[in-house]
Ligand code: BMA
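The chain below stands alone, shown as structure tokens; this is the form predicted on its own.
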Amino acid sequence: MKTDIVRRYSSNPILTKADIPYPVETVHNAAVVKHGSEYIMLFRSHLRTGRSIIGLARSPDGFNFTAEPQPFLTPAREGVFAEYEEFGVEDPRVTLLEGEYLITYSAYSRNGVRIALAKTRDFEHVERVSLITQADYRNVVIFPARFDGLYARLDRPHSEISPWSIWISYSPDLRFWGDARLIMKPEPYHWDEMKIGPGAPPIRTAQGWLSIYHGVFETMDGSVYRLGVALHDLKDPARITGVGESWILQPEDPWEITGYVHNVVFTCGAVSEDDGTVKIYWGGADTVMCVGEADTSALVDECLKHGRPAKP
């Protein structure tokens, strides 16, 4: 019998709206990174307006988080960012690269959803850099390395021709992106057949870049969001060397099955540890934050030994 790859933390959920010192209705879809001796979580919260903001919480161990007294990022009030963040800021991802933490997040407005890029060195001061996509894009994660001098990212544009697939593109300066290629599609009649999207920023392993992504399956009772893994070539991240045939996590606990959006586990962050494990963080039912651990080797094996080829 196959054992679960992801070991859920026994005290999940680790952060809920009751833990936030200002009024919010949800805590979910959080990026998590290590910064010095602490773990930093940037989490999304719905307000009673239905719009979202991004808060910050800190932890000494990656399990027990304390939220800061004020939100970290709220919709801009002036300039071009104000126009495109009018309806909220959502689903951050964070990549440490060359001494800076690069933060991508969804900017919602009456003009659709675009991805914005911000950066920080200390999580005390944050600088908005640029709006780096057109509408409609979601789920942008930046690789923590350059390739032939270029930055690389995974993203998920919406297209009626090839809906909800994963693409890769490159940039010389983080502002202007191009050379885009479709590299992974949903698998027909499979757990990720409806749509897929990048989750946590890729993690470097000896066998390749490990990408934890979300896949969606449509049922008679609505959609189910699960997590899976894919492996990208270390030198050419556009080449996927394997995709896990099975999901690694699905909604099972009560707070994953029932909430703001039922039957959802959704990741925006994972932390690779020195002991060969990965802490994976996920939003449960778009309502609470959870964490679990997995062996990096098991995730890689899921792609290479129990996987399927990617079919762009």
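Heads up: residue numbers just count along the shown sequence, starting at 1. Quantities reported herein were computed from a predicted structural model and do not represent experimental measurements.
Another form exists, predicted in complex with the ligand; not displayed. Remarks below refer to it.
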**Message:** Using a 4.5 angstroms cut-off on non-hydrogen atoms, would residue 195 count as touching the ligand in the predicted bound form?
**Reply:** yes
**Asked** Is residue 39 close enough to touch the ligand in the predicted bound form, meaning at least one heavy atom pair within 4.5 Å?
**Response** no
**Prompt:** Does the ligand get within 4.5 angstroms of any non-hydrogen atom of residue 91 in the predicted bound form?
**Reply:** yes
**Message:** Residue-level contact is defined here as any heavy atom of the residue lying within 4.5 Å of the ligand in the predicted bound form; does residue 68 satisfy this criterion?
**Reply:** no
**Asked** Which of these stretches, 58-66, 273-281, 256-264, 31-39, has heavy atoms within 4.5 Å of the ligand in the predicted bound form?
**Response** 256-264
**Message:** Quick one: 185, 247 and 302 and the ligand in the predicted bound form, is every residue within 4.5 Å by at least one heavy atom?
**Reply:** no
**Asked** Does any residue in 225-244 get within 4.5 Å of the ligand in the predicted bound form, counting heavy atoms only, and if so which ones?
**Response** 225
